[in-house]
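Structure 1 and structure 2 below are two forms of the same protein chain, each written out on its own as structure tokens.
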Structure 1
């Protein structure tokens, strides 16, 4: 079901956790709220769930207004039919897996036979059909996570909320469950809101990502568009662009790295907004070579560190004194390899360089409000 959030605000005393948020999530859509801890993403989710009471705004699920500060509407969480998987799973250790999953049906007063049917259906979906009678305290982390998911799915919620459900699992299990989660979401066509601080997870699970900073959504788009076109240098950095350097604009389309004579050319869009500009380029987009010629996007440098990482080699290359080393990721299959102290040429395509303002301007505005 569709979720509409209008002018949502949540304050604790002077601290503003969510500031005037507008967000529309379509039916069957999976939206990921992505951001650092304390950016308001979990608060937003808890407002939708009804566990947190916003200070202003309106939230509509389907055609039902579940919260409206002005009209004085606040439907309690247990009547919103919203499923939620908590970060800690919150699987009840004093019940069996079956009892955990059957809880919502018991509350609804459903008959025994139907309850059993639906519980087994849900357990099958998450691959735990053999664990029904197991005590919940005996499960592993991954299994608990599945129980929590089955428990939320069995009530056939209008909306499913997931609060960092994979963050307590080890890396390999996380990769697998990520795909399983996406599969289940697509299979059931559930409207899903997912909270995470992990960009990989966000990319894998989202139809759209809402990137949050300091209580506001600073950018919202599909994962691929977000990856290719971050709105600010800060967002680019958060999304894993490791080379971010301040630049000064020169003649049309050319830039100089501030305090150096290194020149840059960008084929990207003209930067929107005011403030200091930054050049952002990914470590895998930089090529290393022992020969080259000085010019735009082609600089001379010295390898300071090289570290073997399996399929790639990571280099730290100094190109100008006073400027942070460039972070470069070269494939293992690259023609040349370099040792610390080697003199190298660094080149990149104009298409790989993005010139972005430091902040989405919005954020600077907000500093004053939060303080």
Structure 2
């Protein structure tokens, strides 16, 4: 079921939570609203669900206009056929798993046989078919989250909305449930809107990511394109690029890191009319060795921190006085390992260096983004 958002605005007094948003989500598509707390992603989801009344704009689900400020249309949540899964599980501890999932069907007055069939179908989808008679108070956190998901799926919604449903779980369980959620979305062909501040979660679950800042979408793209081509230094940093440094342009694709004599070479194009520029490069694209020679993207440095992280080793390396240490991620299989105090050479390819503006271009920031 397609979702179309046009010129959506949500204000609380003088505060603008959503600022003139335009967004189209395709039928069967999974879109992740990604951003820091307070950026407007949950407010957007609540407007789609009918839990918030926007100040202006129009929302259409399928062929039905569910909200139109000018026309005075505002269909209540229970008539939008939208399922929601919240950060809080909201599982009733005094009921069994079956009773929790069946509750909304019971309220609708659905027959016992149909209710049983749909509940068992939903429990099988989330891997809880053997837990139907278990008391909800005896479940683990991950099992409770599956119950909450089954409770939404049993309603057979046109659209499924998920608001940071995995944030209360431990890291390994989150990783596993991300895959399961994606599998269910693809299996059922659901149109899904997922809210998170976790970029890894967004990469795992999205067909497209809408990255939000201050109530607007500043970039929208596929996970791979978002990762490889962030629109600004601010976005790159949010997506996990830890080496972001202000630079001034020199000749022939070279740049000088501000307040240092370090020279960087970049194979990419410099943004046109971008104002303040930043060089952005990923930790895994930097190489460490005990020998080298000075030049563009090659500097002598001193290891300040060496941190074993299982399959990788993370280093903090000082290359210039007054400049933040470079964050470097080396595979455990690297030929050389270093300890704090070691003298090293730091090198990287020009193709690994992106030159980006501090903020996303104004056209993305204010005009909204449509499919």
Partner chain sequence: MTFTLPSAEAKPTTEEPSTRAVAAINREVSPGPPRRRTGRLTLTALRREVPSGILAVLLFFLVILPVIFIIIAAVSTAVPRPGNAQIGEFTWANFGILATPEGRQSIINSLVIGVGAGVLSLVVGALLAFIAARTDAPWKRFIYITGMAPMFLPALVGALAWSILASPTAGHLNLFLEAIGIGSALNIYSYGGIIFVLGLYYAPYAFMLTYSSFSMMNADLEEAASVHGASLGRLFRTVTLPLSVPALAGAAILCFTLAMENFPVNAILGNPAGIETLPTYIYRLMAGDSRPNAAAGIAIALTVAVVVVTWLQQRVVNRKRFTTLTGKGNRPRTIPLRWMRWVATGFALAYFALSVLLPVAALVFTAMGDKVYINRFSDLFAGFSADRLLESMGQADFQTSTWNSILMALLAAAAGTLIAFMASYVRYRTTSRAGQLLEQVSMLPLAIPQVVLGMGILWAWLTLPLPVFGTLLLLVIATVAVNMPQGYRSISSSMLQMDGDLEHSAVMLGANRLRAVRDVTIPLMRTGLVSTLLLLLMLGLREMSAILFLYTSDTRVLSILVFHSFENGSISYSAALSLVFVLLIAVVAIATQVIGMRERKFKDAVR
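Residue numbers count along the first chain shown, from 1. Worth saying up front: this structure is predicted, and the values here are computed from it rather than measured. The term rigid core refers to the most C-alpha atoms you can superpose between the two forms while keeping them within 1.5 Å.
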Mapping for form predicted on its own resolves to structure 2
Does residue 108 show a Cα shift reaching 2 Å between structure 1 and structure 2 after rigid-core superposition?
-> yes
Once the two forms are fit on the core, has residue 185 moved its CA by at least 2 Å between structure 1 and structure 2?
-> no
Comparing between structure 1 and structure 2 on the rigid core: C-alpha of residue 242 shifted by 2 Å or more?
-> no
When only the core is superposed, residue 94 shows a C-alpha shift between structure 1 and structure 2 in angstrom of 4.4
